[in-house]
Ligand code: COA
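Here's a solo chain for you in structure tokens, the form predicted on its own.
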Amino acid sequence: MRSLLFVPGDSEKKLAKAESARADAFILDLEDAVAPSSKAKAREIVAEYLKSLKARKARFYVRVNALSTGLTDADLDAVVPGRPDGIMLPKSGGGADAIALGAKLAAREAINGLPDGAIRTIPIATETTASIFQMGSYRGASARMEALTWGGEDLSAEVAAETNRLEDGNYTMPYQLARSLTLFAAVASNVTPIDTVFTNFRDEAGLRKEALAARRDGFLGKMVIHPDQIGPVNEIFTPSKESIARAQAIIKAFETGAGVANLNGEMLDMLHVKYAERVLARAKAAGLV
């Protein structure tokens, strides 16, 4: 998943347009995008929308309300019958919350005749200060986890920060730490690391700068809040012809079974093979190989 577009769950108009956008995944939002007074109506709208989908060309996730709100069960009761591809869990406190969500899903899958584990999960790992100290607990917590992502807006609000970005647009140190911990926790858990949103949807140059930095560091996709952000994000997180060719050459260099190899004068080891495999997996998902 290169691009994951948030769509407000209470907007029938925006939901109707969602499939025409070229995001790899859509996050039907029952949380921050929906006012408290509209939560029940949003559940109904999202539930009906999921049931109306025919041949799905993308993945559909639902961002439910946080476990601490007491609204999660009602959200799941409404949307699981529509067979979403996954659930995004906001303000996740760590592996224990991933386990708790998995248990809730298992019961509802059984009730609705779905295979156990059919619905995947993506926790948002850094939206509370307490969650920062639990990042390592995601490893091995839930086989449902498909990806891990992070958020800086709720986190900065909790600490009452004046801002979470510097004048040049880069994150300040506390939020760079949260981002880095998410990347490491995702890789340690063998799931996809997804970068957070870039909130200024009119600043394409800023979006490209941040997405390129995320790709450089090891993130494999980025959440977006506007359809105009999908194209640049998909482009940046799609492997280039040059990177695909290099990955294929790395794999070929290790066909003899050696632990090290020489490629055009560069000494390679098995870590390079792992990198090449990730590049080719992304290329395959994009239909390039």
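Numbers follow the displayed sequence, beginning with 1. Quick caveat: nothing in here was measured; it's all calculated off a predicted structure.
The same protein has a further form, the form predicted in complex with this ligand, not shown here; the description that follows concerns it.
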| query | finding |
| --- | --- |
| Interface membership of H226, this ligand in the predicted complex, 4.5 Å heavy atom rule | yes |
| Touches this ligand in the predicted complex: R202 (any heavy atom, 4.5 Å) | yes |
| This ligand contact in the predicted complex: K13, any heavy atom under 4.5 Å | yes |
| Contact test in the predicted complex: M1 vs this ligand, heavy atoms, 4.5 Å | no |
| Stretch in contact in the predicted complex with this ligand, which is absent here, among 52-60, 260-268, 232-240, 26-34 (heavy atoms within 4.5 Å) | 26-34 |
